[in-house]
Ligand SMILES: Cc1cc2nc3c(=O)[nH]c(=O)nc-3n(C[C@H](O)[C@H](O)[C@H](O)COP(=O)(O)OP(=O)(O)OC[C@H]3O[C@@H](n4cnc5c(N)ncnc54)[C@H](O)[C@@H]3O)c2cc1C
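One chain comes next, on its own, written out as structure tokens in the form predicted on its own.
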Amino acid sequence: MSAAVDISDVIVVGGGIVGSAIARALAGTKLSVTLLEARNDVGDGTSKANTALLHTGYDATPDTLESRLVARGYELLGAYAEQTGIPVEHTGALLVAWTDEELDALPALKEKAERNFYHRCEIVGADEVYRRVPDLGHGVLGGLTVPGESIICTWTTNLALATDAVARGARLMRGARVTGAVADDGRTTLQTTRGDVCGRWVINAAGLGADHLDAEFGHHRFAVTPRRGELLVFDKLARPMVPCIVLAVPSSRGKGVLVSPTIYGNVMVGPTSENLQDRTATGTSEEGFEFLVSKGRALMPSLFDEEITATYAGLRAAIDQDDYLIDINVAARYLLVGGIRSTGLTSGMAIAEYVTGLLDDAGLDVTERPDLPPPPKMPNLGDAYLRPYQDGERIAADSEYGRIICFCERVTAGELRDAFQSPIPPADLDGLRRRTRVMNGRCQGFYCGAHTKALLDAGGQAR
């Protein structure tokens, strides 16, 4: 075994939204924190590819841990987004009933929302549904409004939480995949692809790998099933057709697909739901594409007259139970955060709060330090807010914000430079995409790809 590094009070495994939120919360105390991420960047796993909705929790299973933490996370992340500049649009959502079965289900869904302490849902008739979303296909019978549902930038959320953790003193190690764990003398040594890391406590927020790490601590209580969700992304010209999130009413045939605006000015349709064995299978499929076109065309036929500019897929860490699996083993100084699924985007900060409480009960001093730095100010990636290329004062002060590199997404040289100079700079082109939107537009990098790669190779200094 190689020589161990300094002992951290807490090692958090997993740099997705949940792990980054936990590291941020604990780094705000006197505890020393190390955040391990197996990939080359934070947020490069499940957290980067989802429907990017800020959920009210109206449809969660009542009286579960998930329902409590989603509702609390909605409050926490909403406030944090205002502090940091994470773009959010409060578009609201509309569940649309197309059959008598779906129409009859609306009162129960409204009651379920109220059991989750969300009291703003309203059942509306077909005329009101079409008034709100005129481009829906024929045959709508009614709907249920959810005014608080919102769209958010999942990339910026993850990066803000990780950046905040680092600013508070957490040590971030990227490219550090855990390969083994050895407990000895009140501490655990995690063997990683970047060497051994020692900690007094280990928090497992490893997502798709959470069951493997759990087994290193002697547990065999769950198995992760990678569940692939594929989505279609439409050109920005389609955005006026989808003013709010359009959801299918859950029925005996399942939850169906959604049609939603994105924070970047596009429209997306999806996701599929396919259980796989391969935990790396993030490629899209012909079957998934055909399924989404079929289902989406039935919801909004005219949308499919617009151009599809991209498809993508993400893997959710599904487990064989209907609630979060968060459990602490005080004797082993080990805490599992598993089975979080897609709601982790909304609930991440509440999960961190809950985990902090469990550690407090276990005897750790988790008192927040009085000298915390202010939250980071994140670059705006949302089309509803002022972008650098539109900001005359900013361009006058620094002409690089007026020099556009990516014309599809209006990304400037100044934004690319800022990404490279940030506390957690990108390690590859995908990381640069998530920080700036470069190469994410209509041409998918055909025009700006070579220039952008040259910038990456030169660490942001090429001109």
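Note that the structure is a prediction, hence the values are computed from the model and not measured. Note that residue numbering begins at 1 and tracks the sequence as displayed.
Below, we refer to the form predicted together with this ligand, which is not included among the displayed structures.
Chemist: Place this ligand, as positioned in the predicted bound form, onto this chain through superposition of its site C-alphas, and say whether the site is open or blocked according to the 2.4 Å backbone and C-beta criterion (3 or more atoms for blocked).
Modeler: In the predicted bound form, this ligand occupies a site that, on this form, turns out blocked once the ligand is superposed onto it.
Chemist: Select, from the options 337 to 345, 195 to 203, 286 to 294, 385 to 393, the stretch whose residues sit within 4.5 angstroms of this ligand in the predicted bound form by heavy atom distance.
Modeler: It is 337 to 345 that comes within 4.5 Å of the partner.
Chemist: May I ask whether G15, H55 and G314 all come within 4.5 angstroms of this ligand in the predicted bound form, judged by heavy atoms?
Modeler: So, yes: the whole triplet contacts this ligand.
Chemist: If the cut-off is 4.5 angstroms on heavy atoms, which of these, T412, S67, N50, T29, is the one near this ligand in the predicted bound form?
Modeler: Exactly one listed residue reaches within 4.5 Å, namely N50.
Chemist: Within 4.5 Å, heavy atoms only, which of V267, V366, A81, L231 is in contact with this ligand in the predicted bound form?
Modeler: Comparing distances to this ligand in the predicted bound form, the residue within 4.5 Å is L231.
Chemist: Is there a non-hydrogen atom of G85 within 4.5 angstroms of a non-hydrogen atom of this ligand in the predicted bound form?
Modeler: So G85 does not count as contacting this ligand.
Chemist: Just checking whether R39 would be counted as a contact of this ligand in the predicted bound form - the rule being heavy atoms within 4.5 angstroms.
Modeler: Yes, contact at 4.5 Å.
Chemist: Taking this ligand as it sits in the predicted bound form, is R177 near enough to touch it, meaning that at least one heavy atom pair lies within 4.5 angstroms?
Modeler: Yes, R177 lies within 4.5 Å of this ligand in the predicted bound form.
Chemist: Heavy atom to heavy atom, is P271 within 4.5 Å of this ligand in the predicted bound form?
Modeler: Because a heavy atom of P271 falls inside 4.5 Å of this ligand in the predicted bound form, the answer is yes.
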